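This document starts with one chain, in the form predicted alone, laid out as structure tokens.
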């Protein structure tokens, strides 16, 4: 499992043998079964987490018991609750596995040490954070300006493999629509 993360690192930057060994020395391997929590609302998130296999969702549950999906994360993506991590406050989110998932975790303290000690690692992290911010901006803009059909088409074009891996009810929640609306849109777009 760590080999997948090592390959990811090698694709992002050049690391010396000593740097690679230092990074690996801090890695914690974690396996989740389908529906198992990585983080539960109310807990403080303490890790930087990289997915080597599987898929997770980040979501909240409102007072009526309805789930609101904030994001999905798959192989070669990072996941977690940045607000809880940085502010060291209880999370508003749940993160659970949609399918069996394997991750490489770093305690935030060790992750920050790697950023301070290894310039290439720090540069890689900064690029990831910038791309994450851009992605969040795009998601906000889409949710404010696109029609329901445009949101769905944007989603399947941007994340073509997700529709076959993620239950439609979760996709509907992510897109801010009911499962019935998503079903209707899918039928309409299939006819076009």
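Only a predicted model underlies this, so the values are computations on that prediction, with no experimental measurement involved. Residue numbers count along the first chain shown, from 1.
The next section is about a form of this same protein that is not shown, the form predicted in complex with a further copy of the same chain.
Q: In the predicted bound form, do 24, 33 and 113 all put a heavy atom within 4.5 Å of a further copy of the same chain?
A: Not a single listed residue reaches a further copy of the same chain in the predicted bound form, so no.
Q: If you check 153, 163, 44, 69 against a further copy of the same chain in the predicted bound form, which one has a heavy atom within 4.5 Å?
A: Contact with a further copy of the same chain in the predicted bound form is made by 69 alone.
Q: Quick one: does residue 130 come within 4.5 Å of a further copy of the same chain in the predicted bound form, counting heavy atoms only?
A: Yes.
Q: Considering non-hydrogen atoms and a 4.5 Å limit, does a further copy of the same chain approach residue 176 in the predicted bound form?
A: The answer is yes: residue 176 has a heavy atom within 4.5 Å of a further copy of the same chain.
Q: Give a yes/no on whether residue 145 approaches a further copy of the same chain to within 4.5 Å in the predicted bound form, heavy atoms considered.
A: Residue 145: yes, in contact with a further copy of the same chain in the predicted bound form.
Q: State yes or no: in the predicted bound form, is some non-hydrogen atom of residue 106 no more than 4.5 angstroms from a non-hydrogen atom of a further copy of the same chain?
A: Looking in the predicted bound form, residue contacts with a further copy of the same chain do not include residue 106, since no heavy atom lies within 4.5 Å.
Q: Let me know which residues along 1-37 have a heavy atom within 4.5 Å of a further copy of the same chain in the predicted bound form, or say none if there are none.
A: Read in sequence order, no residue approaches a further copy of the same chain (within 4.5 Å, in the predicted bound form).
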